[in-house]
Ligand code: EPU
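Okay, so here's just one chain, in structure tokens, the form predicted on its own.
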């Protein structure tokens, strides 16, 4: 177990914000994790679990313990004629798991290609993109309860997955560490082109010529054309959630803003594109100091270099206020603020 004091987190958050943690511990084995949870250090300090730092904004130094769970591994634990059950350690990089599944032609998570972060963080956020969410392929997960050191297994129902949300962002926030995630993937060809930009990109490809690798590569192409590389320009992807309106609310909203970008979420609700709302408020490509809304996608707030977390947060709150004043819609943060 590697323990560091007054440790810079600049390389551990994709915004590239230069803050320090009082303690930083990189956990590389399950036994190290058990030892940490029984130590006086964890009992006398507050702590934060950190994956790849791709969905977090630090606004100040962290006066506690940053725990980075780096345990890796991918294993097949069961198999039928049509399905494969794959277990991945919580510290595994999500994209490495997707690459593994695509290479083996196990269908179900190829639309989630190039999403940054770790496997253990994926259920917390119920990550999603291009018509697919983690819950669609989820089987169960294992976690270690911090207060007792006991192993707890959660089914899909028990995780209470919602749009960019789960029980681990609410009732169980910072109460357990996700150590393993198990997915049920299809060995039978199943291509999901329900998302318009993806289906548009592949509209000229015959169904028989569609492959899991082609879908994955196309998702990557689309993402890279819209999203800035955090290694070049600090960001955490989408900063805001797409707001959801009931049918009645949507009808009234569309009367006022007929050109709004939206998509139907269910029989009873619609989602309005947060990027459209932000762009209409004049923020797309607008720079304020060292931060701003990305020129290709207003939903993304970027660090042009040297921005503090507080600067980024101030811009995010200004965007929230302007969208609320103009459209009467409050935008929730997708990024966690610390």
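For clarity, every value in this text was computed on a predicted model and none was experimentally measured. Numbering follows the first chain given and starts at 1.
Same protein, other form: the form predicted together with the named molecule, not shown, and the subject of what follows.
- Across the options 96-104, 226-234, 184-192, 78-86, residues that bring heavy atoms within 4.5 Å of the named molecule in the model of the complex belong to 226-234.
- When contacts are judged by a 4.5 Å heavy atom cut-off, residue 26 does not count as touching the named molecule in the model of the complex.
- The named molecule in the model of the complex is approached by residue 298, whose closest heavy atom lies within 4.5 angstroms of it.
- A residue is said to contact a partner when one of its heavy atoms sits within 4.5 Å of a partner heavy atom; residue 32 fails this definition for the named molecule in the model of the complex, lying far away.
- Proximity of residue 261 to the named molecule in the model of the complex: non-hydrogen atoms within 4.5 Å are present.
- Proximity to the named molecule in the model of the complex, taken as a non-hydrogen atom within 4.5 angstroms, holds for one residue of 238, 179, 166, 218, which is 238.
- Screening 130, 161, 138, 250 for any heavy atom within 4.5 Å of the named molecule in the model of the complex leaves a single hit, 130.
- If you take 262-284 and check each residue for a heavy atom within 4.5 Å of the named molecule in the model of the complex, you get 263, 273, 275, 276, 279, 284, in sequence order.
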